[in-house]
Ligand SMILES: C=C(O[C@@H]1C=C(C(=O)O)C=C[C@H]1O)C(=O)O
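Next up: a single chain in structure tokens, the form predicted alone.
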């Protein structure tokens, strides 16, 4: 478990926007470094397709190699109480995971009860769009090496056989992206508590566009993407023995544009979808009296 952590039992205000931004900034590093690690292996599409491994089918498992890897990893993490934390969400159906071995540490209720889990979308996009792009260089290098050995045609591409190594890193990337996306709930809860009256009319008469406008800060997003590109540019560099950076695009560890586009066109929009979905559930189960009380308060 390498993603950024927050100690909810000691944190004075887990809904502080400054604290939330700090977590999200640290997750940028985790995601970039994990993508760099994954980029050293070829695409290996076999591990993302169901029914490719007889060894799994013989055990009765019907999913892909990555599905199996996720389930096995998350089963252990579930026993260690990972998914009792409000910022952790499994890719495996929770009904298929074991109960925690220990009692909870007494984390206070932070988020409003909800059942929002965007992991199915994250997994699909990751395997279909992100992986082919970030592994392109490794896949082409593999093809060249195979051609040198007389292997040509379909057999020269994509598969380097590193199924375990690739899946280990896939799990790390997926968990980090999942945490980043679902932290949108913390953002929504923080902004809702700061000014409930601004949100309540658009929740009672569901208006996704209005809610999206309330949570969207274009300048913040612009600075985020600028920071992300600078980080990815730096982390993608190789260094000479004397410590000097080798600023050569052909030796970069990862496609920097691909990392930025991942955030700009997927992670940020999906996070905002989660934020709006959360807000639309924020008043469920509350009486009119309770809602009116919220609407009349500036700080809930």
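Nothing here was measured: the structure is a model prediction, and the numbers come from that model. Residue numbers count along the first chain shown, from 1.
One more form of this protein, predicted in complex with the ligand, exists but is not displayed; see below.
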Within 4.5 Å, heavy atoms only: does residue 272 come near the ligand in the model of the complex? yes
Can any non-hydrogen atom of residue 220 be found within 4.5 angstroms of the ligand in the model of the complex? yes
ask   = Taking the shortest heavy atom distance, is residue 268 within 4.5 Å of the ligand in the model of the complex?
value = yes
ask   = Closest heavy atom of residue 21 to the ligand in the model of the complex, within 4.5 Å or not?
value = yes
Note: exactly one of 124, 216, 85, 207 sits with a heavy atom within 4.5 Å of the ligand in the model of the complex, namely 216
Contact with the ligand in the model of the complex, heavy atom within 4.5 Å, among 130, 200, 118, 224 goes to 224
Assert contact_stretch over 208 to 216, 131 to 139, 110 to 118, 144 to 152 against the ligand in the model of the complex, heavy atom within 4.5 Å, equals 208 to 216
*Any chance 173, 179 and 182 all have a heavy atom within 4.5 Å of the ligand in the model of the complex?*
no
Applying a 4.5 angstroms cut-off on non-hydrogen atoms, the residues of 180 to 204 near the ligand in the model of the complex are 180, 187, 191
